[in-house]
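First, one chain by itself in C-alpha cells, the form predicted on its own.
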C-alpha cells in the first residue's frame, strides 16, 4: 500500500499521477484539512504536523510515504525527516530531478509562503543543477481558493496573475511548487505563455514511486483508494467527486489528535 498526504485537496493531483502508473496498487491518501493552509504556519507547527501525518501513515502499514505536500518537504529540508519504517519520497527532490533532466537553467518557483521562506527549492535545484538561477515567489492566496472550491473562477485567474507578477520575464520554466497549483494550471498557462515551461513535480514523483514499487517488488493490491481527512468529510467527498470524477469515493474522517493520544 502506498501512503500519500497533503494539507488538503492539492494532494489529489499526486494521487492521480500515481494512479495512472500504478492502477492496481492500493493507495491511502490523508488530507490534513483541519490545519489547511499550511503555508502561513510556523516552522515548529509544520514540523509537528509532518511528524504526526507521516507517523500515522507509517502505522497504517504503508510501504512508502509519497509526499504530496511541498511545504512539509521544505520544512523537512531544514528540520529533518521523521524516523519511520516506510520509505519517504521527497516531492522537492522530484521537482529538482525534473528540472535537471529538462536542462533548464533559469527557473521560477511559485510556492506557499512557508515553502518559499525556507529556500529549500533553490538549494535542492542548485545542488542538482550547479549554476542554476532560481527565483522563489510566495503565493499565499491560491491554496485557500482551491480549498474553497474556487479553482475555476475569475478570482482564481486574477490571483494567479498577481502571483506571477514578481517573476522575471526571461525564465525557462516555472515550478508549480504546491500540489494545489496544478489545479490552476489553465490560468498559469495564460499568464506565462508558451515560451515558459510549467513543471508539475507530481509527474516525476509518480515516476519515482513506480520505480520504487518495481525495485522493492511491491505486490499490487485491489486498486483501492482510501481517502481520509482530518476536516469535514462531507465537503471532502464532494470535492473529490468534483475534482476526480469518482462517483462514490471511499472517504472517512480521522481525529488525529485522538489517535495520537491513544498511542
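Positions refer to the first chain, counted from 1. No experiment lies behind these values; they were computed from the predicted model shown.
What comes next is about the form predicted in complex with a small molecule, which does not appear here.
Colleague: Work out which of the listed stretches, 151-159, 96-104, 178-186, 75-83, brings a heavy atom within 4.5 angstroms of the small molecule in the model of the complex.
Modeller: Going through the listed ranges, the match is 178-186.
Colleague: Scan 66, 30, 202, 69 and let me know which has any heavy atom within 4.5 Å of the small molecule in the model of the complex.
Modeller: That would be 69.
Colleague: Whether residue 206 contacts the small molecule in the model of the complex should be assessed with a 4.5 Å heavy atom distance threshold; does it?
Modeller: It does not: once the small molecule is placed as it appears in the model of the complex, residue 206 has no heavy atom within 4.5 Å of it.
Colleague: Examine residue 36 and determine whether its closest non-hydrogen atom to the small molecule in the model of the complex is within 4.5 angstroms.
Modeller: Because a heavy atom of residue 36 falls inside 4.5 Å of the small molecule in the model of the complex, the answer is yes.
Colleague: I'd like to know whether residue 134 contacts the small molecule in the model of the complex, with contact meaning heavy atoms within 4.5 angstroms.
Modeller: It does not: once the small molecule is placed as it appears in the model of the complex, residue 134 has no heavy atom within 4.5 Å of it.
Colleague: Residue 146 near the small molecule in the model of the complex, any heavy atom under 4.5 Å?
Modeller: Contact with the small molecule, no.
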